[in-house]
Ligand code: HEM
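Next up is one chain by itself, shown in structure tokens, the form predicted alone.
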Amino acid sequence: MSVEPHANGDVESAAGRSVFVYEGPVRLWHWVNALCIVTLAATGYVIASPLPTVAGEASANFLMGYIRFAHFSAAYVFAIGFLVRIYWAVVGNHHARQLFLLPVADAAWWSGLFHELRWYLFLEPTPKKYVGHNPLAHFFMFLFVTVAGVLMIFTGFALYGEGKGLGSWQDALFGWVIPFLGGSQAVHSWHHLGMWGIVCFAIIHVYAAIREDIMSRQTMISTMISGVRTFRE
């Protein structure tokens, strides 16, 4: 298959026009973040609804301890990865910044958002093609990755600091979240609600990526592996 580069970095191939979109650190963060979310959701659910019993003497079991350790470890990776992702949004390409910025003053962006909404509801016959995230995906990525990610980090470390006690760095940095949100139980509720929001988003995200890969004639899933988006003829 012949590939001929263009002056703007795009290429034309037998499959159609291809554009390099996502840099290596963005793709690595995406998959590490996905693994963290799966681990955090699974362990968080069990922490919120502990096992009613375990085999043998309770003193001989550390199952919930291992589950909490997995949760806290994944939380640290999630939080550090989020900070690295913010750094790459500053030093990376235009698409790396998209996750943290919504062009709410751009009328064309809003028009595209409602067009995409109608497309997903099967009310539009043809999709528009975007090199990066389409406006609807952009909006929900910002809401459930950026905003929800900040919520989960702040509430999670506030609860962790509550367990570590006064004087811990977690309490010093995030202890204010508990009185701000109305107490420990309210923080637990927000943390739990945030988890379900992210889980629902992840399900829709996977469905939408597969649907777009098939129906809109452009690569989605493979783009987050190779970094290259191909627009099929």
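Heads up: residue numbers just count along the shown sequence, starting at 1. For clarity, every value in this text was computed on a predicted model and none was experimentally measured.
Only in words, not in the display: the form predicted in complex with protoporphyrin IX containing FE (HEM), which the text now covers.
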| query | finding |
| --- | --- |
| Close approach of residue 215 to protoporphyrin IX containing FE (HEM) in the predicted bound form, 4.5 Å, heavy atom | no |
| Exercise: residue 136 in contact with protoporphyrin IX containing FE (HEM) in the predicted bound form, heavy atom 4.5 Å | no |
| Contact flag, residue 115 vs protoporphyrin IX containing FE (HEM) in the predicted bound form, heavy atom cut 4.5 Å | no |
| 4.5 Å heavy atom contact, residue 119 to protoporphyrin IX containing FE (HEM) in the predicted bound form | no |
| Residues in 186-209 with any heavy atom within 4.5 Å of protoporphyrin IX containing FE (HEM) in the predicted bound form | 188, 191, 192, 195, 198, 201, 202, 205, 206, 209 |
